[in-house]
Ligand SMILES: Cc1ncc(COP(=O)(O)O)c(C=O)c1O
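Before any questions on binding or motion, here is one chain by itself as structure tokens, the form predicted on its own.
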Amino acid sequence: MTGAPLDRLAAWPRLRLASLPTRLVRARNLRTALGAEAPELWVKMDSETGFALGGNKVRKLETELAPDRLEGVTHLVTAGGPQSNHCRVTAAAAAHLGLGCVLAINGEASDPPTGNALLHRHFGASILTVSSRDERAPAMAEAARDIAAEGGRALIVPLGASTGLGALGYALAVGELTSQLADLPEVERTWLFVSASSCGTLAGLLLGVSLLERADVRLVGVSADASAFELRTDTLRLAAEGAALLGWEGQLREGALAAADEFVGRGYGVPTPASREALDLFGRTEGIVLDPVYTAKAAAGMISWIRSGNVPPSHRVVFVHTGGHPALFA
């Protein structure tokens, strides 16, 4: 990475948590299963970022929890659902740093807790149960006030670490992926498929593609819950925030971004026939574990786009595997 904004990105303060670079693996068997017209398929294994069972949240928390932001902090406070991957990694980061952690969770975990809900407790987090998503932000603010009243200081980590700052972690990931793709034969276009919800990962990818002027890359964010309009709006906003942090005044490659919401089904965390098929295909053809909330639906979107011919056979597809497999055991 060269140039002033890229140099600033490369030098950005980070809490080193992830095992990087993550692998880029060829999915030959999956390609065969999808038919003769399927393009070359690869999987970027960000499920293997390592810390606290890995996933995409690790990269985002590296920049959110940079050492300069933790001065005087005694607690991390964040929010999510009972099976939140973000809460899992935040709780683990707090334990690693010797900090307290409070999680505002909308909805009750099973009894006994399983999957990520079990890991939230395993990492020592205190759980505040609220009844709806709308109550999470007020609960976080109240927890921070309570901590301050007791002489501590809380750092509130926004939902999913999906901020302009968190997005820098995935802008950096584009540089990593670019280096890996440079070792492969050239193709006209590379398509990146990724799960999207709070949009920090997708925004970081868009920012990285724009900074590196990758005109040959197309991004497809496959929704786990939100509408395509919301995905696109939030992604552009967060990418612009990340660009502002770097002092970059260039143009985001909006034309490289597509958002797909037709694979959500009946709602967040509710499997669909297509997501079940995708989860099964990845498992039995490549030995890759997806999760039922995010990556299985993103994989279903990728498979549908390939089968429908939206991706020409001469192009390349990279599935950005964002992890989340503890939800399989919920």
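When you see a residue number, it is the position in the sequence shown, counting from 1. Here the structure is a predicted model, which means the values were calculated and not measured.
One more form of this protein should be noted, the form predicted in complex with the named molecule, which is absent from this view; the next part is about it.
A.B. asks: Considering only heavy atoms, tell me if Gly200 and the named molecule come within 4.5 Å of each other in the predicted bound form.
C.D. replies: Answer yes; at least one heavy atom of Gly200 falls within 4.5 Å of the named molecule in the predicted bound form.
A.B. asks: So in the predicted bound form, is the named molecule close enough to Tyr294 to count as touching (4.5 Å, heavy atoms)?
C.D. replies: Output for Tyr294 is yes: heavy atoms within 4.5 Å of the named molecule.
A.B. asks: So, Asn85 and the named molecule: in the predicted bound form, are they within 4.5 Å at any heavy atom pair?
C.D. replies: Yes, Asn85 sits close enough to the named molecule in the predicted bound form that at least one of its heavy atoms falls within 4.5 Å.
A.B. asks: May I ask you to state whether Lys44 is within 4.5 Å of the named molecule in the predicted bound form, using heavy atom distances?
C.D. replies: Contact with the named molecule, no.
A.B. asks: Pick from 65-73, 276-284, 52-60, 29-37: which stretch has non-hydrogen atoms within 4.5 Å of the named molecule in the predicted bound form?
C.D. replies: One stretch meets the cut-off, namely 52-60.
A.B. asks: Does any residue in 304-323 get within 4.5 Å of the named molecule in the predicted bound form, counting heavy atoms only, and if so which ones?
C.D. replies: Result: Thr322, Gly323.
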